[in-house]
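To begin, one chain is listed below as structure tokens, in the form predicted alone.
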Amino acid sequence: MPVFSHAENYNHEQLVFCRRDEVGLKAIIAVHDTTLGNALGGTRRWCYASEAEAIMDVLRLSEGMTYKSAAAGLAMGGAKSVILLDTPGQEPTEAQARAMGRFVETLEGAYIAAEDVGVSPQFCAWMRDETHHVMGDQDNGGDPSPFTSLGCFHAMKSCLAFAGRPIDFAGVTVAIQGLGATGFKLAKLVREAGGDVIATDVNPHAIRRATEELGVRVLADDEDLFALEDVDIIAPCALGGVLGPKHIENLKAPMICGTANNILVDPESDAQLLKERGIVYAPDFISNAGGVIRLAGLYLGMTEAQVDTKVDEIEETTLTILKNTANHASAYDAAVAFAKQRIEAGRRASTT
């Protein structure tokens, strides 16, 4: 795989690899852009089909983090890291976490790690034993997922408003793909607001918990979440790359808004297809920014009240971008343009 050309295509500043066989660590850090500040982004532990797939994932995720922080008005850049697992569900170890922390330390603060899929606050705490450049352990922001879910809930309000509907979840049905940390909390917010939830997850425990505690309806094995009728909002809340042309062609729901990163297979062309079909799409790096706002805000010295205010602002930002979609090829393009404007403003300010 031509690694350098891929990094250049995404305009990354750094793409760094680490291998420590004695503790089972194979990891990649991608720093996309530090124009606005040090680059914050989660550490994902995942079993990839290939190293090439892992590289593409970390490149796309880190680019998204740049736009996410910029669009949220944070003085932070964008980065991401991935730990490649040999088998799915491989248990994390303290030795692996500490080795990852030492890897993060080699970038001397250009990259600030945080929690992501497969990484817990405890894993972050072990990393922090080796580097100060980590957020997300219990003493440094904790689990950011409640803020991610709340921000997405605010973005859903904007989707309703943009579609000309009341900002009221009574009578609204949300189909959630993935009932993990963010998906479950999002389902809880929707249910507490009077909405109905249909959900699916590969984890039977997550399904059982959601049905018993929240009263969600579980998707039958022969049902396709993306083809459901009588659904108002589809919320992808698991991994990315779940919406491509085939699914978009069969979509019945009028709105897409979730907590997952990179939900579109090809964000440029797929977002255009959504616009052509008249489907309201809240770009994921806007709708799921609550978690990074929480961790970056604390890193930057914001108070809890200031962090809460910034998470609430996701509703206004989402509506602004949806309104700007008319002037762009898609909502994704409108969101990227919005973020790039803030990055360019920061670049100009730093040179004056």
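Position 1 is the first residue in the sequence shown; the rest follow in order. Bear in mind the structure is a predicted one, so any value in this text is a computation, not a measurement.
This next part talks about the form predicted together with a small molecule, which is not shown.
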TODO: Give a yes/no on whether G180 approaches the small molecule to within 4.5 Å in the predicted bound form, heavy atoms considered.
DONE: yes
- [ ] Give a yes/no on whether G77 approaches the small molecule to within 4.5 Å in the predicted bound form, heavy atoms considered.
- [x] no
Open item on the list: Please determine whether G136 contacts the small molecule in the predicted bound form, using a 4.5 Å cut-off between heavy atoms.
Closed with: no
Task: Contact flag, R44 vs the small molecule in the predicted bound form, heavy atom cut 4.5 Å - done: yes
Open item on the list: in the predicted bound form, does every one of K68, V202 and A260 come within 4.5 Å of the small molecule, counting any heavy atom?
Closed with: yes
Task: Partner-facing stretch of 237-245, 161-169, 96-104, 264-272, counted where any non-hydrogen atom is within 4.5 angstroms of the small molecule in the predicted bound form - done: 237-245
